[in-house]
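The data below hold one chain only, encoded as structure tokens and taken in the form predicted alone.
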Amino acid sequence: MVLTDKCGRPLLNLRISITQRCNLRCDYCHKEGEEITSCSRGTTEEMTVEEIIRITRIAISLGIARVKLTGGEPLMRKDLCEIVKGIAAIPGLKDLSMTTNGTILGFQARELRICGLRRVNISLPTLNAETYTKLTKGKIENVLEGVKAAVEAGFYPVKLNMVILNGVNVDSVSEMMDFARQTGTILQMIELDPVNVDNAYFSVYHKFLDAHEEMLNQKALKVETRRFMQNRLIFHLPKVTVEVVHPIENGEFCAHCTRLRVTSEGKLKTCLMRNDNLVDVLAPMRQGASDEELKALFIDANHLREPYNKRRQGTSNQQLPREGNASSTDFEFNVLR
């Protein structure tokens, strides 16, 4: 059984924010679309290991087979491996991944792989140490060690999330492609979106990716379209693969969204852009709700899912038209975001 919303979009993926805490301070972070609360400083109670596993088990029983752990920074939780191990053991799970800034991944990569984590996305906006520190308040040596450890631990693929910022790293794409080629990772170019970013910041640093996409299209040996991941394009170049992610105000992104999110406070979030239709699942769970009652809450949340830009579906005015070798494909876990 796979749930579909009223627009016919299947519900295939669950993103669980297991904490809002983070050891970096990136101005461009969308924080999974959550409203900023005291939890970001670790002063609000987080979901327990058992609660996260139970929520995930309910989701998988409804046909959601791919789960990504997010934050904040998931590695801030000392019980992360327990969470991973518990989710990995749920029958019906096809993919378990994590998004991380990678700065403390080097210490835990091997253990997390043994516990059942299959792949990771690592935020890496630049290879320039000074620029990295200005953007994140962190040290690039730590994240580079995290990338190395992830590859050596056997995660596949390891994806590098590069948010493109105008005037900061636009000219560093070729360097990042070379780094991805050398490390055996996949580069994921992400267009800055306005979620949890103020208008002044967005207007200064936003950069359309059309020119980069055209460059990739010319160099690619093969171009594929991820049918169940916002119809994004994957460019297979000699010895390196690059994905391009356009922002959520893009009609294609919304029209092909297959995600449901769980906030760090245990609420089902139907859309990255919205906080006005959250469905609380944690409070009922703590009040003794049965599995069937929790399933009903998931079904209610799915009924609330709709494209944020439903009136603009198909317009996709940020994307370039594609011809020739692009094909529509549903990818298995090794190339999923």
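Residue numbers here begin at 1 and follow the sequence given. All values reported here derive from a predicted model rather than from experimental measurement.
FYI, the form predicted in complex with S-adenosylmethionine isn't displayed, but the following is about it.
Trainee: When S-adenosylmethionine is placed as it is in the predicted bound form, are P74, T99 and L192 each within 4.5 Å of it, taking any non-hydrogen atom of the residue?
Mentor: Answer is yes for this spot.
Trainee: State yes or no: in the predicted bound form, is some non-hydrogen atom of T70 no more than 4.5 angstroms from a non-hydrogen atom of S-adenosylmethionine?
Mentor: Residue-level check for T70: yes, a contact with S-adenosylmethionine.
Trainee: Just to confirm, K31 within 4.5 Å of S-adenosylmethionine in the predicted bound form by heavy atoms?
Mentor: Although S-adenosylmethionine is absent here, K31 would touch it in the predicted bound form, with heavy atoms inside 4.5 Å.
Trainee: Check N161 for me: does it contact S-adenosylmethionine in the predicted bound form (non-hydrogen atoms, 4.5 angstroms)?
Mentor: Close contact exists here: in the predicted bound form, N161 approaches S-adenosylmethionine to within 4.5 Å, heavy atoms only.
Trainee: Report yes if any heavy atom of R9 sits within 4.5 Å of a heavy atom of S-adenosylmethionine in the predicted bound form; otherwise report no.
Mentor: Because no heavy atom of R9 falls inside 4.5 Å of S-adenosylmethionine in the predicted bound form, the answer is no.
Trainee: Looking at 56-64, 274-282, 22-30, 297-305, which stretch has residues with any non-hydrogen atom within 4.5 Å of S-adenosylmethionine in the predicted bound form?
Mentor: Checking each option against the 4.5 Å cut-off leaves 22-30.
Trainee: Identify, from the list T185, S123, N169, T263, the residue with a heavy atom within 4.5 Å of S-adenosylmethionine in the predicted bound form.
Mentor: By the 4.5 Å heavy-atom cutoff, the listed residue in contact is S123.
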